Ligand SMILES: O=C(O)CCC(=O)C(=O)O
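The chain below stands alone and is given in structure tokens; this is the form predicted on its own.
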């Protein structure tokens, strides 16, 4: 993988930075998971600076060859951040400036969604290293995280996911890795594409969902349009059901690695990934558990909120 993201980042201008911070501050204090607070954030997202709203709208319409949007220099009030959490299943329940910024931007893309088995269905989740979970293939680990579609096993997986960097790792070695099927598809032989488009793969749930939550029904890895397919795969959890499918999965992984890119995020960086066409992962890093470790906050979005309605009690934001 290359060492930097080969795309133009949107850097927030000083006047827009102040406007975004003012909007976020108007949402504090509050409780992120309170439906009334989410409704306020959705309404206020329409007051984001026009240039940023245009960037988000354009990305929603077409996420480009990379399936990724990078916005830099957002307000996170770095000087007032508490120590990086170290407890398992850490989430952000209180409305802080960073959490409000994250929700404002993602509410302009679609409807926030969370999953009850994962971190108790919190809408804003901490991505932090946890002592004793270093080797975990999940957000609490610090070993290399294999590239994956977020919640690939789930029929109502997110359309977009966002990661807002509050604090980088000490050594600057924790690199976000992203690869798009739009870049990789031309590298795949026709016979490989044909196999990947057939229901010859099963995917287990990530550790954060608990054992036995995976999709036992065979599914294809490439779905939808022949020339612009959706990609649904988790290279730590997707298993091929026959030798040809296993070979096709290996070829796909090699192609994605060859077109993938890596970037070390800085505080105030917001990365939005189109979970339909891009997979993401992370390089390994070494946490110190000194209160200054890497800290991202994460949230998910559905574009068609109606499709998960049967699994969301009281038309809320949590899929049960």
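Residue numbers count along the first chain shown, from 1. Since this is a predicted model, take the numbers as computed values, not measurements.
FYI, the form predicted together with the named molecule isn't displayed, but the following is about it.
Trainee: May I ask you to check whether residue 282 falls inside a 4.5 Å heavy atom distance of the named molecule in the predicted bound form?
Mentor: Looking in the predicted bound form, residue contacts with the named molecule include residue 282, since a heavy atom lies within 4.5 Å.
Trainee: Whether residue 111 contacts the named molecule in the predicted bound form should be assessed with a 4.5 Å heavy atom distance threshold; does it?
Mentor: No.
Trainee: Is residue 302 close enough to the named molecule in the predicted bound form to count, meaning some heavy atom within 4.5 Å?
Mentor: No - in the predicted bound form, heavy atoms of residue 302 and the named molecule never come within 4.5 Å of each other.
Trainee: So, in the predicted bound form, is residue 298 in contact with the named molecule at a 4.5 angstroms heavy atom limit?
Mentor: It does: once the named molecule is placed as it appears in the predicted bound form, residue 298 has a heavy atom within 4.5 Å of it.
Trainee: Pick from 75 to 83, 229 to 237, 192 to 200, 146 to 154: which stretch has non-hydrogen atoms within 4.5 Å of the named molecule in the predicted bound form?
Mentor: In the other structure, the partner sits against 146 to 154.
Trainee: Could you check which residue among 122, 184, 130, 176 gets a heavy atom within 4.5 Å of the named molecule in the predicted bound form?
Mentor: Filtering the options by heavy-atom distance leaves 176.
Trainee: Identify, from the list 249, 95, 222, 161, the residue with a heavy atom within 4.5 Å of the named molecule in the predicted bound form.
Mentor: The residue in contact is 161.
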